[in-house]
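Only one chain is included here, represented as structure tokens and corresponding to the form predicted alone.
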Amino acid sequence: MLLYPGVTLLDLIGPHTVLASNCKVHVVWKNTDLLETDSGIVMKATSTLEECSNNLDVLFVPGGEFSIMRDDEVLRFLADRGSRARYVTSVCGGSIVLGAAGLLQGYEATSHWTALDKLSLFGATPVEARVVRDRNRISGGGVTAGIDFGLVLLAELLGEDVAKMTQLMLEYDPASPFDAGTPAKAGPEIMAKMQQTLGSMDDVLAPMCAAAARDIGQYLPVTN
């Protein structure tokens, strides 16, 4: 699991909580110094990118600060490990980072609704869903979808019974007080307010993604 400054905490912690009781999970970054997540919580990696095994069962990227998609060292690490990993996975904007590393060309994938359309820049087919699986690529939608993603991945790795027992232990039985969790369900009034809150985020994200997409060719080819 990739950790980086500005990571969306729940993108990482949701899947980590699902997987950690049954799997050996490594949280990796360039170093093991303390770093701040997007919500101000401070974390540190358990090992470095250099120490990370060359052959992984699962490579996972959470969303967060999109500037990570322009980090050459990180993208080369993802392209290398992703070329051999049994599963290449993400939650939220993590799929955009995988795309920037050249790991989603020709695959269906999902992302947070604010970034979903950007996947096509990286040769992926955007799919609006909580969890999308295309061969050995598994991606989760925005933030809270990481728990759903984690259960799907756990079932794939260790079977449905283990996943169901984990869901029970976590008492994951969503009953949202509002039906506004997607743009379609939120409705035009809430969406308009949300767009005002987001401001010109897309004005920043769109050229950043376009620049990242142009650079895909410099990274190692995907063999899976």
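Residue indices: 1-based, along the sequence shown. The structure presented is a predicted model; accordingly, all values stated were derived computationally and were not measured.
What comes next is about the form predicted in complex with another copy of the chain, which does not appear here.
Contact annotation for the candidate site: S83, V204 and A213 all lie away from another copy of the chain in the predicted bound form (no heavy atom within 4.5 Å). Contact annotation: another copy of the chain lies within 4.5 Å of heavy atoms from the stretch 147 to 155 in the predicted bound form, the single such stretch among 94 to 102, 147 to 155, 117 to 125, 71 to 79.
Residue contact with another copy of the chain in the predicted bound form: Y87 places no heavy atom within 4.5 Å of it. Within 4.5 Å of some heavy atom of another copy of the chain in the predicted bound form lies at least one heavy atom of T197.
Of the heavy atoms in D57, none are within 4.5 Å of another copy of the chain in the predicted bound form. Within 4.5 Å of some heavy atom of another copy of the chain in the predicted bound form lies at least one heavy atom of A186. Of the residues in 53 to 69, none comes within 4.5 Å of another copy of the chain in the predicted bound form through any heavy atom.
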